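Alright, here's a single protein chain in two forms, structure 1 and structure 2, each given by itself as structure tokens.
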Structure 1
């Protein structure tokens, strides 16, 4: 009851001419015939009276009428609501008893009437206390974009309590005013207000205002709102242009070959047609000569030659005219749309750059561990992707025991490093150390280990993808406008990549381990002579690279599928990143990841329907790049650079 009183008060404020002197039943009796047998033309009177009445019972009545639940009792002509074989009073909603179909006549509004009822309901629902219904009403207006909704929408804005919905109503009212404002000045002001909105629906409104129709005339009409002139042969084909002339009765249609043959056949007299014997009509030239003779005699329509068509095209003006007759409105819409499209182009470029930067950070995380092992040890580790996979599964296992996703990620990151560090040390001690300076055997051995680790993961976790759920504060995206947006997970991965860059640079530049790693990288023999144990450095380096891959696996698993084959999706890009950037150099890895990330996104933008082609083009580009700069973007310095 409180809800109905609130609605009644809102209607009093927002709708013109409220009158509560009569009840809903009395109002319906006034329009009994229209209520029982509504038509698309007659229903408007009933709806106008219901809207202007301000009766709170009008809303449930309209909903029931739209749903074909209104019946009239034959005995006294009163109206009721019938649902589930039960009769309800329209004034109070009370149950009156079972609905006896033999004593009732049902109102059956057709589709057009029901749409009109729905439009009237929208006007009520714009001020409904239930925000869900108000949102539904705004959505309905956005779908229909009807001029009749502008006034009630504007009247509901001031009293709208929800800030977001109020902004949506204001924006929608601006779009409606741009199309259906009462004066050109009002429409121009509304169009100017849309110039900063990059949304698709605003662009659709402006494109609707700028809709054009093609036409042709002998001279350009003075009263036409010209969009542009069309040049036959450039803007449209000459054949299309001539067909337009024919359609507008501005030129005769060309005579097709079959019509020429039919005309010649029907005009044969004593073996002759057009002054030529029938047996001589075996060439196109003779047939055309005979037809011209018939045309000169008035027996058939005249021929339309290519010269005739060219002359007709030259003597007419082809143009596109705006459907909107007011040039001021179309100029304002064109200026607004041009400004929006310029901003959209810049925004698309910025969005593409953000996507490329995000992809580059992922490749950097995936490749930095490989850069350390490959650069220091020269080991082609084909199992590097499986360390990424092990890190992702470590995060999944942690979340099984720690349901707090934020805490589980904080635990999973160091634990993934520890697990993959240990696995990397074990691999180096058991396999890699026996294969130094034997690259082919190393490649085959690590490839075999890769397959073995994938199968082990399948045996433990199965073949189904496992979820690695991100914390709630990483849900959604950072939205700058309708074009530029980036998910919070990708932002977190980018931040993690920056943190790793700083940590690795600190370890390599400011710690004893980093000093020894750089010494072994540049000159292993000299480093050994200075008391550094290359075997120990190789072991720790391989473990460090593997541990970093494990942390990368946790980060990648937050948005990618966690399966036993997920490492294979990144191993190729990781090797390309290391080789292009420069072997054994952190800054080179960063440069390589950036180059590959931006290159891949650029190719995908040029060829969005074929990602496989984008991968192929990227590999071809990198092959060519290596031909000109074989040591990568940032070449390794020292004696090892010459190895």
Structure 2
């Protein structure tokens, strides 16, 4: 094979001019016998010539030849393609008329020849001047790896002009060599070369090499490449182990309960079976006794008791053996896979941390507005979730009018702030102002508003989810490797959370408003006597908290659906964030959001199948957490906190 290709390459170099001038038909005529009756040896010459000719029709011809569609016209010896009783010209591909099988002789390449043709085809595709065709060929090889592809792939690497594709080819050749290399040494070498690669396909290759088959025997055979021994009851269930014994004819099949019942039912004679009255057969014990009697009489196969089954299991050895017989190769693959998996585990941890970070950002955004109103005013706003929803719907409405997604988001963010700021101020003026110092009633009144707002949104926007589409440049994900990836939207939300943290800290610590807010938080009476109007501060604070909820709504709407119930989904988590973090402190909210975000992701990772359970356990954890830190992570101390 290699010789053949070298020859082809040599021909290509020495005879550039005339070979191009040749037509396909002429070339075939020179090898007419070999084309009509190709043999495993003789076909090489034809293929060499075809490859070196560089004719564009060579590929369709080879495909047709492989598929046994090439025919020779007996009259003039010319070759054609015949498919569906139609004759095609080889040079132009045009239809020549119906194929009359009497006047045609079909070329019937055998299996070996067809493989050789296939290799030549791969070689053609891998060296095709069109890069998309080369990529397609490489992808096709990657999809279904086969031993025969290794050599043509290797041959095509050196001449590959595209560096990226060259790297892909080299990598693919490495994987192929690991599976199909000629000698064990070559394969071990190739396996070693894979060790640093985290990608899924490399792991699949190694796993294929390490594929095992379960088997059972009376004693462990010497000639197997043992992966591990299995202990019935530990590594596999006893029932499963016994099934294997039965399947290998090493033990009699067990008689299941329904078979016993059926056997007894069909042997009832005059209300008796096996010497027992039918009405007594309502226990397993009596049924066994009756069945044994039937078995002794030879009516039914003998009972296989639990003791029999245990004895059979004990006298056999269950094991898994590698399909690959060479222990050196499996060891090398195992070592490489272990190394990769260790790195994958680290990468997964990093990926999980990124996920948790973005979840924490969302919780922070959702909760920070609540933390401000709760911390500064002692007011718990059950309608906070509905402000989030209001912000998201604002974004949706803006997108109805402004089709450009980037622009619409830029408009939606401040508009959502304005809308919810207004709603918050209105709510403070109309409701909350009258309920200061009655926190439980504030909770209920705001809850009433929450019901009303939610239903109102349902009446206006309907119950189905509305889309809030993110700009194109936020599509896709930042990919670090096959394991670590984070979508740009989540990064954007993270950045937004950071910006908010900065802005809120700035407003609270560096501005006059912040100073007054802190003064009112710590001592409203004193603040009032210093000329601060607590009414105004409360109104602005509530507006600010609500406005932030609106912006959080736009952010959340971008990656989740906008529904009238979306606020309710976040409200409990937001409260948890505030309570866990500690009231009245931005850093506390940050700590709370991080704790809850990381905790939720951590629990989901431990129990990935069940996000409901994750939330249950998280809430239980928070209830317990409050036992130890009733005032949250960042607790205010001193007399102010005691009251």
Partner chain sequence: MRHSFIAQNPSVLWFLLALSLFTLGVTVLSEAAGVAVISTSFVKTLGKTLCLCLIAVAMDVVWGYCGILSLGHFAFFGLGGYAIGMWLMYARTEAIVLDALAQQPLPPTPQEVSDAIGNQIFGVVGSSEFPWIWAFADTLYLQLLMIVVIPGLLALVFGWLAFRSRVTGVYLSILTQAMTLALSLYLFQNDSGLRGNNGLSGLQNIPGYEDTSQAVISIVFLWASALALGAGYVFFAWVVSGKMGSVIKGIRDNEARVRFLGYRVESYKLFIFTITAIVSAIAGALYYPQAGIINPGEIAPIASIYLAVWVAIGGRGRLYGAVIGAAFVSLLSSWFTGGGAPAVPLGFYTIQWTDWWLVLLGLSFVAVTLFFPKGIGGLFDYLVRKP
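Note that the coordinates shown come from a computational prediction; the quantities given were computed from them, not determined experimentally. Whichever C-alpha set is largest while still superposing within 1.5 Å between the two forms counts as the rigid core. Residue numbers count along the first chain shown, from 1.
Legend entry - Structure identified as the form predicted together with its partner chain: If we ask which form is the one predicted together with its partner chain, the answer is structure 2.
Inset, instruction - Look at residue 498 and decide if its Cα position differs by 2 Å or more between the two structures after superposing on the rigid core. - result: The answer is no, as the C-alpha of residue 498 shifts between the two structures by less than 2 Å after core alignment.
Inset, instruction - Compare the position of the CA of residue 432 between the two structures after a rigid core fit and state whether the shift reaches 2 Å. - result: Comparing forms between the two structures, the residue 432 CA shifts below 2 Å.
Legend entry - residue 602 C-alpha relocation of at least 2 Å between the two structures, rigid core basis: No, shifts by less than 2 Å.
Inset, instruction - Using the rigid core as the frame, report the C-alpha movement of residue 303 between the two structures, one decimal, in Å. - result: Value for residue 303 between the two structures: 17.4 Å of C-alpha shift.
Inset, instruction - Quote the shift of the Cα of residue 171 between the two structures to one decimal place in Å, the two forms being superposed on the rigid core. - result: Superposing on the rigid core gives a C-alpha shift of 2.7 Å for residue 171.
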